[in-house]
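Just the one chain here, the form predicted on its own, laid out as structure tokens.
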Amino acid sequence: MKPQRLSNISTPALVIDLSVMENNIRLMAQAFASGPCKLRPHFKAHKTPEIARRQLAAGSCVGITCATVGEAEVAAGLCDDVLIANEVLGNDKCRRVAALAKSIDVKVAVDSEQGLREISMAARDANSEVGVLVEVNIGFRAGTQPGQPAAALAQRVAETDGVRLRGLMGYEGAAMGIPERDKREAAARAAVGRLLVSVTAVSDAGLPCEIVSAGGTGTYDITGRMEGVTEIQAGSYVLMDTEYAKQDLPFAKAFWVLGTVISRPGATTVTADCGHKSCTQDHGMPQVKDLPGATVMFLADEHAMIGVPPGCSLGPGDRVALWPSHIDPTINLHDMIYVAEGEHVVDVWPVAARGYIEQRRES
């Protein structure tokens, strides 16, 4: 690519600090370099093949985690071991998973008879075998009930053609955002304890349970040290956001949304072109980078209204950068990422798995 400076790129734009990101990757790989538990980095956090390649190359990884079938189809070009940590239902999606299973080790989460029936039918039709992790409800989002109900569903998986029982998974999401370490640890241990009770029930039934998958960035060094957990699905650590920055984690914020000031409507306000079509606010307003005393007051479709301290010299044409509060949906708004070393853009990476690429392919 032709070398350029950040000051010359069109905005709004997503920017990564390459050295900070690579240090985050190195720190997480080191955390899982020894011990029985390994890392399965979550592709949904960044949806970008060039980042996933660096995570895998750093070591300590058993594969990649994905949230959607479309993500898994992109990730299959990077790694031959992919977990879709989500229930997959619908004929088209199940057929595509079954097709992937002919060339890679692909696993899906199952928490219902219906989900099991649909994925097994697609696998039988494709003459393939799909791995299954029974998802256990440990207090957040999805899953079958812990203990004997989880073991009963695992038994059904073991008896069903076209699929193979690989283990269990759970997500202690309710603990993930707790800023206080002691409270976060207590919540995580209580939640994952319900997953481990289910592991015991499955093992007591004589069923295989080689994989026990859980965790995330906020609990990587809590859940990842609990005996019986074999892998951690952390994702946000690679780039970080202001929500995770509230916690005492060793990872640094490595990405921001770059905007241009388009108006100075008042003595203490500026308006930039990086509204909520380029920067989400579901975990709170973004923070203004490198401008002490500035605060994002409101995000409209195309406008970020920013309060600035008296005497601030920002005016139309100047650049402003926002630290997002939530990495995953913010990146999902962008087609590409500008990779920076200092003020220089050294590469541009496509966000290849953004959006619902299933729908793009169908159309």
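The numbering used is simple: start at 1 and walk along the sequence shown. Worth saying up front: this structure is predicted, and the values here are computed from it rather than measured.
A second form of this protein, the form predicted together with a further copy of the same chain, is not displayed here; the remarks below concern that form.
**Q** Tell me, please, which stretch of 272 to 280, 175 to 183, 205 to 213, 222 to 230 lies within 4.5 angstroms of a further copy of the same chain in the model of the complex when heavy atoms are compared?
**A** Selected range: 272 to 280.
**Q** Looking at Gly77, Pro265, Pro250, Gly293, which has any heavy atom no more than 4.5 Å from a further copy of the same chain in the model of the complex?
**A** Selected residue: Pro265.
**Q** Kindly indicate whether Arg26, Ala188 and Gly235 are, all three, within 4.5 angstroms of a further copy of the same chain in the model of the complex, using heavy atoms.
**A** No, none of Arg26, Ala188 and Gly235 comes within 4.5 Å of a further copy of the same chain in the model of the complex.
**Q** Contact with a further copy of the same chain in the model of the complex for Asn137, defined as at least one heavy atom pair within 4.5 Å: yes or no?
**A** Yes, Asn137 is a contact residue.
**Q** With the partner left out of view, is Gly59 within 4.5 angstroms of a further copy of the same chain in the model of the complex by any non-hydrogen atom?
**A** No - in the model of the complex, heavy atoms of Gly59 and a further copy of the same chain never come within 4.5 Å of each other.
**Q** Flag Lys102 as yes or no: does it have a non-hydrogen atom within 4.5 angstroms of any non-hydrogen atom of a further copy of the same chain in the model of the complex?
**A** It does not: once a further copy of the same chain is placed as it appears in the model of the complex, Lys102 has no heavy atom within 4.5 Å of it.
**Q** My question is simply whether Glu243 lines the interface with a further copy of the same chain in the model of the complex - judged by any non-hydrogen atom within 4.5 Å.
**A** So Glu243 does not count as contacting a further copy of the same chain.
**Q** For 31 to 68: residues with a non-hydrogen atom within 4.5 angstroms of a further copy of the same chain in the model of the complex?
**A** Contacting residues: Lys44, Lys47, Ala67, Thr68.
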